[in-house]
Ligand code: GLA
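Okay, so here's just one chain, in structure tokens, the form predicted alone.
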Amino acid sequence: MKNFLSFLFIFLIINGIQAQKFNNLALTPPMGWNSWNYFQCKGINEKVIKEIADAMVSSGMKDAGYEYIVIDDCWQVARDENGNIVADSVKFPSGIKVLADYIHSKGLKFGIYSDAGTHTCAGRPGSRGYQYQDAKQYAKLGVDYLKYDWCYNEGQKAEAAYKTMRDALYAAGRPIVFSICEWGTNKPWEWAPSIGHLWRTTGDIYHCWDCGSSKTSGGIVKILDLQEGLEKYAGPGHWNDPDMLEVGNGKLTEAENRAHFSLWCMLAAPLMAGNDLRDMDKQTRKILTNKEVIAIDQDEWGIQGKVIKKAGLIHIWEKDLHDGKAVCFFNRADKEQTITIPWKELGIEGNYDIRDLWHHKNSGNTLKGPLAEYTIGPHDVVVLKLKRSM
């Protein structure tokens, strides 16, 4: 009995340490950049990734909170005679470890991609059957973030497959943010909080406003609507992921880019830019580096916002913050809309100071101005921080 209790005590300590290591990551939604939305397979190489890391620093994105540089699919080509994953030596001639070291030298973190199936979505080697070997190799390479896809899964049970890789990451011993990407197919929000730090709630996002015929993939509005009802599953260390940002990818208007970014912040979503950071126009950079709006996303309470009222085609979102509330008036219409509504009708009582986060100005308080009155352009937003007045 004594030996059993000693074993149990040691087991609990070991697993407690592992759980603590896991749980201390991603206490706010991860922020960074991923190669897929803009570069996909053909555009990635060592030179591009280094230049993206340089641009994250020089553009002010690092100062705004972005830290992960994540290479998506197509960095790997084969396995060697020992089963180790082999990087594309043409695209990455110096090797992944040298690239990771370069990114780390910029004060950033390095992320990589794999798949729970036999192959990745682009047909490269997946991790099925090699989970522990791959995790150990990622740790040696200096990986800080793993995006783990769901193609060629061959009928596996998602929860079990992702738990195997989680356990492999624990065994490898390096703290790595684990991004589950099984497209919301198996309701990961119900089981993933104990396995990963974030999980995709939908299929892939497209760089368009309202498009896509798939039930789970599509443009900004479609992906946004699929988040309804998921807010109770999010919190520090475990986040709903409505996919990467399409801000700056050329097909959204300035207003649509601003709305897209604002709403992802209201969702407490991971902010993974998907544009070419080397070639951002002024407006794209201004949107992606708005620290006041980013602070809504990164609030320490980690509460996901939700729609509290629909006034025609203006949807009103609210997100509780540690020091107040965020309110977003979202105009879904194709033309300008005006809303006039009492704050009390939105459940906002008492005296709150109001700050407009896109115009960066204070605009009174909820007692002196008992009505919320805003004119909002098509596909645009007004985002406010309400801070309780002393």
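The first residue of the sequence shown is number 1, and the count goes up from there. All of these numbers come straight from a predicted model, not from anything done at the bench.
Keep in mind that the form predicted together with the named molecule is not shown, yet the notes after this line are about it.
Using a 4.5 Å cutoff between non-hydrogen atoms, D204 counts as a contact of the named molecule in the model of the complex. With a 4.5 Å cutoff on heavy atoms, W183 counts as touching the named molecule in the model of the complex. Residue contact with the named molecule in the model of the complex: R200 places a heavy atom within 4.5 Å of it.
Contact annotation for D73: at least one heavy atom lies within 4.5 Å of the named molecule in the model of the complex. Residues with any non-hydrogen atom within 4.5 angstroms of the named molecule in the model of the complex fall in just one of 87-95, 260-268, 142-150, 307-315: 142-150. A heavy atom within 4.5 Å of the named molecule in the model of the complex is found for one listed residue only; from A295, V221, C121, L252, this is C121. The listed set A161, M244, A234, L99 contains one residue whose heavy atoms approach the named molecule in the model of the complex to within 4.5 Å, identified as M244. For the stretch 94-114, the set of residues having any non-hydrogen atom within 4.5 angstroms of the named molecule in the model of the complex comprises only Y113.
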